[in-house]
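Only one chain is given next, in structure tokens, and it is the form predicted alone.
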């Protein structure tokens, strides 16, 4: 079990000694026990840090935002930035390191093991108890069940009833890459890897059925780009849905702006939605670490995780590749082996 006081002490000491310029972690939100991301820069702020099943966000996103801010300010970091990272967050950091987005010495990883707890899903909480994490005052995992406390009192349920789907299938709840780690390395075996994807494929067991399913899903997309905004791997300065090599000058006409080159339009039409989501999924092939953030923030609840884990499973089965497993291993799309399978080439 994670010692919260130890986490706070380590964060405070890092800031007191000037070893890092900031610590990215979680603090209690304004309502209930729901945690929210926080960036602390003063030692006394370390007392705000929390760690519990409501810490759902992938904090690796804030490393990307920090890098973008530094670039905008034309600054070079003089100290590393520290981050509280669970297993999936650490894998995302590994992918960013593989792609040379930043250097290893520029990030200090305060690893926290999820052990057997994982994080819970607000959607599942609503289905099971009729409340979300903002209505809870406490939640703990006793080794078998989740015990949650709200205005209705203390209630108990099986872990799979409220735990996020990604946590049920998680193969690495322990942050392998770290500078300091808290908690024990425990495996979780609630469901086999890609179990949700397997259930979907059994239901939609033909190409026609799968295409009909995804067409219906993409037709519901409102193109809010929340999935893109929350993903730490979507760090391109100019997305495919944005204009391409187009500079707006004072004398640029409205017609020139309207006719600028775009591969995919921003309008929420069926064909454009399909183009956006399929392109994004391909860009995440071998890079998605299954943090589930894209699906969690989707306002219309498109099951994006199924799409991304399909490519993750293909990478594993065809190339033996696990995204975010090791810094030393080259990224999937930048490596080639003589024994790579080429049966997909026609």
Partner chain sequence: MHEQQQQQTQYEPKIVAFLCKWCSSAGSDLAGVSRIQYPANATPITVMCSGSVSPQYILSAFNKGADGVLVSGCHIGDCHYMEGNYYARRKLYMVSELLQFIGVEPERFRMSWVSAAEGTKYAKVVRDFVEDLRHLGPQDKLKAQRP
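Since the model is a prediction, treat every value here as computed from it, not as a measurement. Positions refer to the first chain, counted from 1. For clarity, a rigid core is taken as the largest C-alpha set superposing within 1.5 Å between two forms.
One more form of this protein should be noted, the form predicted together with its partner chain, which is absent from this view; the next part is about it.
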query: With the partner left out of view, is residue 310 within 4.5 angstroms of its partner chain in the predicted bound form by any non-hydrogen atom?
result: yes
- prompt: Is there a heavy atom of residue 16 no more than 4.5 Å from a heavy atom of its partner chain in the predicted bound form?
  reply: no
task: Indicate whether its partner chain has at least one heavy atom within 4.5 Å of a heavy atom of residue 205 in the predicted bound form.
output: no
message: Can you tell me if residue 283 lies within 4.5 angstroms of its partner chain in the predicted bound form, counting non-hydrogen atoms only?
response: yes
query: Which of 131, 274, 181, 224 has a heavy atom within 4.5 Å of its partner chain in the predicted bound form?
result: 274
message: Looking at 29-37, 54-62, 291-299, 317-325, which stretch has residues with any non-hydrogen atom within 4.5 Å of its partner chain in the predicted bound form?
response: 317-325
message: For a quick check, can you give me the residues of 193-218 that have a heavy atom within 4.5 Å of its partner chain in the predicted bound form?
response: 197, 200, 201, 207, 210, 211, 214, 218
task: Please say whether, between this form and the one not shown, the C-alpha of residue 337 moves by 2 Å or more once the core is aligned.
output: yes
